[in-house]
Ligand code: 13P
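This document opens with one chain alone, in structure tokens, the form predicted alone.
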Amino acid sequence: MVREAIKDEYYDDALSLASSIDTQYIEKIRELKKKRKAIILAHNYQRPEIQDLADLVGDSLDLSRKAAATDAEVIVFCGVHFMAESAAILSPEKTVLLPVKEAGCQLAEMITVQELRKKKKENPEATVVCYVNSSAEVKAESDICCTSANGIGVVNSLKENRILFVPDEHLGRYLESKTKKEFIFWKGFCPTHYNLLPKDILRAKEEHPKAKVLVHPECRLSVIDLADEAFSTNGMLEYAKKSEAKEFIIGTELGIIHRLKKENPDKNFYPASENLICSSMKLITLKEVAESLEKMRYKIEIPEEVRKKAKKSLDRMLEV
């Protein structure tokens, strides 16, 4: 008993020290924000303390658009590399920082601009629709971008019938199931969503039979077929807020559950699987944000020619 008491005492001390350190970083970040005239963006999958600190929390492209409309001189993007690139594409006059340069997206890295050019030559009649989860170079080589929220509308807006969809095969198959277009798929996938299996949904439904099942369109079709709805992260947030249901099974990265609970304290949210964790999304901590602002690192730089072409793909999407 004495040993357990000592262990608990050390645990409480460790928590107190961590809380003290967090407070120091938060104060430092707030001071640096004013000094740099900065805005902090956090994707819905970020750590809870990063979400709570941020000026804006949401989907990647939505964050970039909102940040572009502000008078901030510096954008600190707490997300992954392609997201910070999107902010740089839409805000060329601002400095965009990614606090951890290793924060990449495995899905976005599954296609290169050279590979896309080769595929385009093999399918010259196809219109290239590029998921926003891709590099600036790939966006620049595409005809139009889409998000998981607007993909159906984007595809339906095209007069061409043959679509080369990159880089997420599973989102592409979901869009194909909702449209009458002919798709050519790239063999890319989000490892986090790919790891969610039908058996995980069935188990969660058995444990929570009254819960609505919400999954991301990046999931396998066999998973989406078992869900009540397939939504982007912002779509899940809106649905949960408006729904009369009180319980939800969430089939996307676990980080979003913090915001869901925060905005809906009277409702319960259960992860479809405890394995839905994107390690890249968890790399950014308060310490990295503070150091990024202090040292103005790591700056996102896109060649102007690439930026302009990528912006055309995004602008065409926004017109739709």
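Source: prediction; values computed, not measured. Heads up: residue numbers just count along the shown sequence, starting at 1.
One more form of this protein should be noted, the form predicted together with 1,3-dihydroxyacetonephosphate (13P), which is absent from this view; the next part is about it.
Engineer: Just give me the single entry in 83, 224, 116, 250 that has a non-hydrogen atom within 4.5 angstroms of 1,3-dihydroxyacetonephosphate (13P) in the predicted bound form.
Structural biologist: Answer to the contact question: 83.
Engineer: Counting only heavy atoms and a 4.5 Å cutoff, which of 226-234, 67-75, 90-98, 119-127 contacts 1,3-dihydroxyacetonephosphate (13P) in the predicted bound form?
Structural biologist: Every other range fails; the passing one is 226-234.
Engineer: Is residue 43 close enough to 1,3-dihydroxyacetonephosphate (13P) in the predicted bound form to count, meaning some heavy atom within 4.5 Å?
Structural biologist: Flag for residue 43 set to yes.
Engineer: In the predicted bound form, is there a heavy atom of 1,3-dihydroxyacetonephosphate (13P) that lies within 4.5 Å of any heavy atom of residue 60, even though the partner is absent here?
Structural biologist: Yes.
Engineer: Do residue 133 and 1,3-dihydroxyacetonephosphate (13P) come within 4.5 Å of each other in the predicted bound form, heavy atoms counted?
Structural biologist: Taking the distances in the predicted bound form, the answer for residue 133 is yes, it comes within 4.5 Å of 1,3-dihydroxyacetonephosphate (13P).
Engineer: Residue 139 versus 1,3-dihydroxyacetonephosphate (13P), in the predicted bound form: is there a non-hydrogen atom within 4.5 Å?
Structural biologist: Although 1,3-dihydroxyacetonephosphate (13P) is absent here, residue 139 would stay clear of it in the predicted bound form, with no heavy atoms inside 4.5 Å.
Engineer: Taking 1,3-dihydroxyacetonephosphate (13P) in the predicted bound form, which residues along 194-220 bring a heavy atom to within 4.5 Å of it?
Structural biologist: Heavy-atom contacts to 1,3-dihydroxyacetonephosphate (13P) in the predicted bound form: 216, 218.
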